[in-house]
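Presented as structure tokens, the chain that follows is alone, the form predicted on its own.
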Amino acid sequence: MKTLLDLFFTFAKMGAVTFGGGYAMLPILQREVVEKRSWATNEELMDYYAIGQCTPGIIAVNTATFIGNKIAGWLGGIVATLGIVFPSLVIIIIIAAVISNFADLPVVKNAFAGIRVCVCVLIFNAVVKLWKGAVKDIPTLIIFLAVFALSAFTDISIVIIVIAAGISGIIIKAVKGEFK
């Protein structure tokens, strides 16, 4: 029971302080899940993010579900998912009730402009951390550049791109004789 409560409150805390969606949540997830609690490694977190990107739903919710499932089975997955969405649900209900009254105020518009900039920086920091853990040699750099080009300049589904990147990683490891 203590583990389930810990999962709920850890993810509820993250859900309450994260603005900007799943990508903006990555630095907080890394700190809470990898560094503080050792529930996952950086590599596992990147894997959960990749799978979360390819599966239906919100990346942050999918990642919470994967981590909760790893820590406490299917019930842990449900509890972590409830924890991550609970604060948002409460906040959205409150905002929805009052936003139309305040949305046109200059102070509210300026606040949202500042929040958007902050979210961009959080996402950039997460990308830099992921870069350091993922791009380790020339083959992974080539995969990175190919994925970047395909996602930035084509309309190819991200699911196809992620699958192709995974297959590329398998092929590279097999060719290098490192396939385990």
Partner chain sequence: MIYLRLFFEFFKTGLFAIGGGLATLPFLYEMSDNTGWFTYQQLADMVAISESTPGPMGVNMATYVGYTVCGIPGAIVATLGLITPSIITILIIATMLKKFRDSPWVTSMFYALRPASAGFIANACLSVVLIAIITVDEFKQSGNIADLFDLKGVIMAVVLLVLTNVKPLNKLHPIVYLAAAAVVGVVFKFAGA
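No experiment lies behind these values; they were computed from the predicted model shown. Residue numbers count along the first chain shown, from 1. Between two forms, the rigid core is the largest collection of C-alphas that superpose within 1.5 Å.
There is also a form predicted in complex with the partner chain; it is not shown, and the following applies to it.
- Among residues of the shown chain, residue 39 is not one whose heavy atoms approach the partner chain to within 4.5 Å in the predicted complex.
- Taking non-hydrogen atoms only, residue 134 approaches the partner chain to within 4.5 angstroms in the predicted complex.
- When the partner chain is considered in the predicted complex, residue 34 lies well away from it, no heavy atom lying within 4.5 Å.
- Along 111-134, these residues reach a heavy atom to within 4.5 Å of the partner chain in the predicted complex: 111, 112, 113, 114, 115, 116, 117, 118, 119, 120, 121, 122, 123, 124, 125, 127, 130, 134.
- Relative to the superposed core, residue 78 undergoes a C-alpha shift smaller than 2 Å between this form and the one not shown.
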